[in-house]
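The chain below stands alone and is given in C-alpha cells; this is the form predicted on its own.
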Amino acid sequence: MPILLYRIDDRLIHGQVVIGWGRPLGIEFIVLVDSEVSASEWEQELYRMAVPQAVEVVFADVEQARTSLTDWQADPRRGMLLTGTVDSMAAIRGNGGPTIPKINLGGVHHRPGRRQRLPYVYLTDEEYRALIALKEDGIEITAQDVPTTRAVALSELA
C-alpha cells in the first residue's frame, strides 16, 4: 500500500489524526516530518504515547523524508505522512522530488500574518502561493479536518 494520507497539521500527531484519520484508513505507520522532533528523543516519546502500539512512528527531517519517501510509498503497510508546515511539505516535493499525489490541509492554526480560510485553516499569502505551486505541479490539494466532512478545494480558500 502506498502512503494513504499526506497531511499538513501543525499539531502533528493528536487525537484527530490518530482516531479520525488513522482508524478509518487502517494506518499501520506514521511518518512525522519535523526537524526539531526528529532531533529530540523526549518529544518523540510524547508523540509515540498518542499512537497505538501497533502503529509504527517514524521521525524524520525534511531531507530524510525527501530521500526516503519512495521507500515509504513502497512499504506494503498503510501509511500516513505528516508535516507541521506548508514549507516542509513543499520542500519534500521540491523541484523534481518524489511524487505526492494529494495533500490534505488539516489543522493549520492562527499565527501572526495568517488569515482565516476555514475555521481550521489559516494561511499567509506566501503559504497559499506555495500550495498553488504544488497544485500546478499536479498535486491535488484539499482542506478537510476529518474524513466525515466535505473536502474543500484549494480554489475555495483564496
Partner chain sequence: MESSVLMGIGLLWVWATIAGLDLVSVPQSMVARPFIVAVVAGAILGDLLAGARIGIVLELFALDALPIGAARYPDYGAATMGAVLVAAGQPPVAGLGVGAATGLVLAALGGWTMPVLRRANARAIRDRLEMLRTGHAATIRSLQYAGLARDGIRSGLLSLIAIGAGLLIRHLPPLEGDAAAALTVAVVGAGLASVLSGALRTAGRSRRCRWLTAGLLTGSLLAVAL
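As the structure is a computational prediction, the values presented were derived from the model and not from experiment. Residue numbers count along the first chain shown, from 1.
Keep in mind that the form predicted together with the partner chain is not shown, yet the notes after this line are about it.
Quiz item: Does the partner chain come within 4.5 Å of any heavy atom of residue 16 in the predicted bound form?
Solution: Residue-level check for residue 16: yes, a contact with the partner chain.
Practice problem: Give a yes/no on whether residue 139 approaches the partner chain to within 4.5 Å in the predicted bound form, heavy atoms considered. | Solution: Although the partner chain is absent here, residue 139 would stay clear of it in the predicted bound form, with no heavy atoms inside 4.5 Å.
Quiz item: Looking in the predicted bound form, any heavy atom of residue 134 within 4.5 Å of the partner chain?
Solution: Looking in the predicted bound form, residue contacts with the partner chain do not include residue 134, since no heavy atom lies within 4.5 Å.
Self-check item: is_contact(residue 113, the partner chain) in the predicted bound form, heavy atom dist at most 4.5 Å
Solution: No - in the predicted bound form, heavy atoms of residue 113 and the partner chain never come within 4.5 Å of each other.
Practice problem: Tell me, please, which stretch of 124 to 132, 60 to 68, 87 to 95, 25 to 33 lies within 4.5 angstroms of the partner chain in the predicted bound form when heavy atoms are compared? | Solution: Of the options, only 25 to 33 has residues within 4.5 Å of the partner.
Quiz prompt | Neighbours of the partner chain in the predicted bound form among 119 to 148 [non-hydrogen atom within 4.5 angstroms] | solution = Those in contact are 145, 146, 148.
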